[in-house]
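Quick heads-up: it's one chain on its own, the form predicted alone, in structure tokens.
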């Protein structure tokens, strides 16, 4: 099963990714978290992990990856064929992953220099890597995306079993609900919502924006402990039963049986 986490910048995608991966691990699953955000440098910290080297280095860097993808297209490799092979929890190169208590973190690539050029080769690798991930029965994949909707343009969502949008108390999030709902319908992948950083008033407002209320699978109120951990770049504290509820409801609504 592959889940993709999306939403506006600052909505709490990385927090939800961390909490959800931790809950899966508690349930005995092995979890692969894929960081596809070229600018987020803090996901590893809130997961309590070391920062792994960029996976694109395993393939020779941005230039070689770009050359490989161009050759692949010229050679007529179909778009739905994983040109870089298939991957499971055990076969991801150890030197390019961080691991703790059944959770692995893989960072596809980051923009590290001011003039290093575009991120096209990183995005191409991200799509190929997600395409090639073939989790076993006891494995789950969680993909943390960049802010906004670029992941739809790159075709990441169509490779997953379900899309989870994190919606915070902002006008931008409300606008994105409509946009992402339309795009999810286009790629025919189930879309679910998690409301985040809410209080009594904002929760009601956000619920009015969601077209199908049954698609709201969880809600996280304003939690000072989570906010402080995020501010300080610390591992998220404690156990959050809401994460277990998210997993349970997703499974009940058919996320696991949807085609990847």
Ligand SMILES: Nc1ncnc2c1ncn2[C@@H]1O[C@H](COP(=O)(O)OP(=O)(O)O)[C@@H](O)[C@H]1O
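Numbering follows the first chain given and starts at 1. Please read all numbers here as calculations on a predicted model, not as lab measurements.
Another form exists, predicted together with the named molecule; not displayed. Remarks below refer to it.
### Query
Mind checking whether each of 10, 196 and 221 has a heavy atom within 4.5 Å of the named molecule in the predicted bound form?
Answer is yes for this spot.
### Message
How about residue 23 - does it come within 4.5 Å of the named molecule in the predicted bound form, if we only consider non-hydrogen atoms?
### Response
Residue 23: no, not in contact with the named molecule in the predicted bound form.
### Task
Evaluate residue 230 for contact with the named molecule in the predicted bound form, applying a 4.5 angstroms cut-off between non-hydrogen atoms, and reply yes or no.
Residue 230: yes, in contact with the named molecule in the predicted bound form.
### Message
Within 4.5 Å, heavy atoms only: does residue 210 come near the named molecule in the predicted bound form?
### Response
No.
### Query
Does the named molecule get within 4.5 angstroms of any non-hydrogen atom of residue 226 in the predicted bound form?
Because a heavy atom of residue 226 falls inside 4.5 Å of the named molecule in the predicted bound form, the answer is yes.
### Task
Heavy atoms, 4.5 Å, the named molecule in the predicted bound form: which of 27 to 35, 213 to 221, 58 to 66, 199 to 207 makes the cut? Say which one.
Stretch 213 to 221 is the one.
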